[in-house]
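One chain comes next, on its own, written out as structure tokens in the form predicted on its own.
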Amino acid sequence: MTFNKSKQPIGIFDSGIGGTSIWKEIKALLPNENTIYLSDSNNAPYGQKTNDEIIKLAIKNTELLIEKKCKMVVVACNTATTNAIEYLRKNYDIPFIGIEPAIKPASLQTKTNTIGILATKGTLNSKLFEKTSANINNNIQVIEQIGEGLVELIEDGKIESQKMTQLLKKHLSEMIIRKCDCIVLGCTHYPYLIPQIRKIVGEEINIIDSGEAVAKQTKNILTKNNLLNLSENNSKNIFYINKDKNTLKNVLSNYSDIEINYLYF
């Protein structure tokens, strides 16, 4: 008798609560899927760590998800993807989905030929980001901005704080001055800042994140590997966090079919 892996959960990890923006897109597209989410908030942000440190954290998270019988892993963190996904794919025999800043879509949409990238230091300094950036049209100017301090405030539940507004105004100022018409959010925490960013940049600038594209790719890979869960039973959605649960509870407050647990990892 062949073991049916399709009902096993999708594993998702991030350096904190930001990857829940990806989880929400996956759940919207694939409501039957069981999920396990790891919020490694104790080690947030990954963006200030070295490549070796990021790979070690990605290994720890991946092995915990494999131990919990996950059928695939979504690396719901731009920094972990750009620094560690190549290693993970070489060393573990399950499908991986990564998150990269949506530079290509922005380069195809821009009318001013100037796009902004708001991301962590770890993402902007990675070889994968450099490779992705090199593939866009040479006529397009890219304004790179490290979102210093943003992840920490989001993890502390201070999304709408005055300090957040001040930081965003500082980080976005050059993009506004240089007339960027597309701003790419290169961190899965940042979609939670879209209302704040919109107030600062106005309605004319296109704000682009990767969530919907990642959900579609997740479905494609599950289908390709015959892992899509076609059962219509209620799905299980379990979240593990290694820090205070309150911020995670707040960003998931609209969901009743979830379980949030503290776990030291």
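All values reported here derive from a predicted model rather than from experimental measurement. Residue numbers here begin at 1 and follow the sequence given.
There is another form of the same protein, the form predicted together with a small molecule; it is not shown, and what comes next is about it.
In the model of the complex, at least one heavy atom of Tyr46 sits within 4.5 Å of the small molecule. With a 4.5 Å cutoff on heavy atoms, Cys187 counts as touching the small molecule in the model of the complex. Contact check for Ile97: every heavy atom lies farther than 4.5 Å from the small molecule in the model of the complex. Taking the partner from elsewhere, Val151 is found to have a heavy atom lying within 4.5 Å of the small molecule in the model of the complex.
With the small molecule left out of view, the stretch that reaches within 4.5 Å of it through heavy atoms in the model of the complex is, among 171 to 179, 115 to 123, 128 to 136, 88 to 96, 115 to 123.
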